[in-house]
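Single chain ahead, by itself, as structure tokens, in the form predicted alone.
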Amino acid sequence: MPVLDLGGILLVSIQGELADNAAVDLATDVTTAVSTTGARGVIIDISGLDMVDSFLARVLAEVAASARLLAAQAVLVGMRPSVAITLVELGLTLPGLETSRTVAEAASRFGVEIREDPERRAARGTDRTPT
């Protein structure tokens, strides 16, 4: 799974379900990337996941703890309502993980601005003018 460096912020986008060994590899890759780049933040995008089980929740919490030990903050983005409900029902918390709705919102926590191309937004039908 690629870990993208956005100039001091790492972005990890999880697309599709992860096998347990892939989740462990992800934790290792992210921790190594934080260490080698000196990143101050890690944004983990889970918008591509329909489900987060207890193992993946634990791995995500461990990624946050490892990042914190390396002086970086982890932010989880794109959580679907069904995932949030499942985590609550299972009594799972994600200690050390902050949450944001979008990658752009998470990046702004680190002083990084990500702007979407207005034409692309209009093509998706999400270009709304405030009333």
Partner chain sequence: MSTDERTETTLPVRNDTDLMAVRQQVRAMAQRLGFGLVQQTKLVTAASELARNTLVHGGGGSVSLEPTSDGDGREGLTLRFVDEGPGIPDVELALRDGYSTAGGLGMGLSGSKRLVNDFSVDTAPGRGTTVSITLWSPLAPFGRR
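Just so you know, these numbers come straight off a predicted model, no measurement behind them. Residue numbers count along the first chain shown, from 1.
Omitted from view is the form predicted together with the partner chain, to which the following refers.
Novice: Check each of A33, L92, L70, V77 and return the one that places a heavy atom within 4.5 angstroms of the partner chain in the predicted bound form.
Specialist: Checked against the cut-off, the match is L92.
Novice: Since exactly one of I44, A64, V52, A39 fits, which has a heavy atom within 4.5 Å of the partner chain in the predicted bound form?
Specialist: The residue from I44, A64, V52, A39 that makes the contact is V52.
Novice: So, E17, R58 and S82: all three within 4.5 Å of the partner chain in the predicted bound form by heavy atoms, or not?
Specialist: All of them do, each having a heavy atom within 4.5 Å of the partner.
Novice: Classify S100 as contacting or not contacting the partner chain in the predicted bound form by the rule of any non-hydrogen atom within 4.5 angstroms, answering yes or no.
Specialist: The answer is no: S100 has no heavy atom within 4.5 Å of the partner chain.
Novice: Even though the chain is shown alone, can you say which residues of 27-49 have a heavy atom within 4.5 Å of the partner chain in the predicted bound form?
Specialist: Heavy-atom contacts within 4.5 Å come from no residue here.
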